[in-house]
Every structure is written in structure tokens, then in C-alpha cells.
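A single chain comes next, written as C-alpha cells; it is the form predicted alone.
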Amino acid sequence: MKFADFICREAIRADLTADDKEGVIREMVQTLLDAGKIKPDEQESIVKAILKREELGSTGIGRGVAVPHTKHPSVDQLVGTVAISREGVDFHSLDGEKVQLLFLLISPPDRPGDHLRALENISRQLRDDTFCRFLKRSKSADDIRQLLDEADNNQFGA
């Protein structure tokens, strides 16, 4: 699975303004709403589902990265977005570091395979220090889109 298979290019943000975990999640879900990928009447339910997943254990996986995600019946296919927090956000990460790179995923409950393949792709790419460094330095959504395309084309070491 590639980023192009699930990342909504119109929802990518290089400059999150929220400064806490819930705010960041809300802001990222809003980008998917703005891009027409989720329904307005499902927005709050999706935010709550992601926050509930966070209660099970932080999706801050370390090295400045978090992958908030949930399964939700309002979506009929896997959808996600990418965002950068310049200041970093306390996500209660495993390593205690603030999170700057965020990948948010929402998948239908009946497609667990897609969900797992997307998480696998994200984690594989994020193991590449060069990819992470370039992503953190991205100045625009276009920069991020280009990096995701390069990752999809195996231009990094992952």
C-alpha cells in the first residue's frame, strides 16, 4: 500500500495551529471534512472515536511522530491525512518527546486489512531518518505531497 492509496492530498497541512492533542486531532479531522472526505454530522463522532483510541495508549510512537487512528462506520474506504506541528505537541509519546509529524487515519470497521497495511506503510517510511528530516522541514503542503510521492516511488531507504 502506498500513501497515494489513502492520504487525501487536499487535507495535508504543513502548519497546524493547535497546541494540544485534542486540538490537533480536531484540526486534522476538520481538514478531511473541508476536503469532503467525511460527513459534517459525523465529525464529532470521529473525533471522539480517535480520542477514545488514544485512551487505550498514545499513538505517539516516538521520534516526534504520532499516528492517531480509528475505525469508523461513516467511512466506506480508508482515508487519511498528514500534518506538521512546528512547535510540537505533547502526545504522551512513548519516548516523552513532543510530536511534530502526524498521520491521521480513519478506516471502515469491515476493512481491517487496509487499516493495518496503511499503518505498516507509515511506520516503514517513518523509520527512514532522511524521510522524517525532510518531512519536518517541509514548508508547504506541496512539499509534503512531493515527499509522499517520492516515498511511494521508493526514493528513500525504507
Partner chain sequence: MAENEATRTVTVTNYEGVHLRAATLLGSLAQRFDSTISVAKGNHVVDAKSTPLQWLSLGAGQGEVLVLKAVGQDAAEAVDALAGMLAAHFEETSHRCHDDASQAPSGEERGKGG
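Numbering follows the first chain given and starts at 1. Values in this document were obtained by computation on a predicted structure and should not be read as measured data.
One more form of this protein exists, namely the form predicted in complex with the partner chain; it is left out here, but the text below deals with it.
Taking a 4.5 Å heavy atom cutoff to the partner chain in the model of the complex, the contact residue among 32, 50, 101, 126 is 126. Only one of 26, 39, 92, 63 lies close to the partner chain in the model of the complex, with a heavy atom inside 4.5 Å, and it is 63.
The partner chain is not shown here, and in the model of the complex it never comes within 4.5 Å of any heavy atom of residue 46.
Of the heavy atoms in residue 70, none are within 4.5 Å of the partner chain in the model of the complex. Shown alone here, residue 96 lies farther than 4.5 Å from the partner chain in the model of the complex, counting heavy atoms only. Annotation: in the model of the complex, residues 4, 138 and 142 none come within 4.5 Å of the partner chain through any heavy atom. Residues 94, 109, 110 of 94 to 110 are found to place at least one heavy atom within 4.5 Å of the partner chain in the model of the complex.
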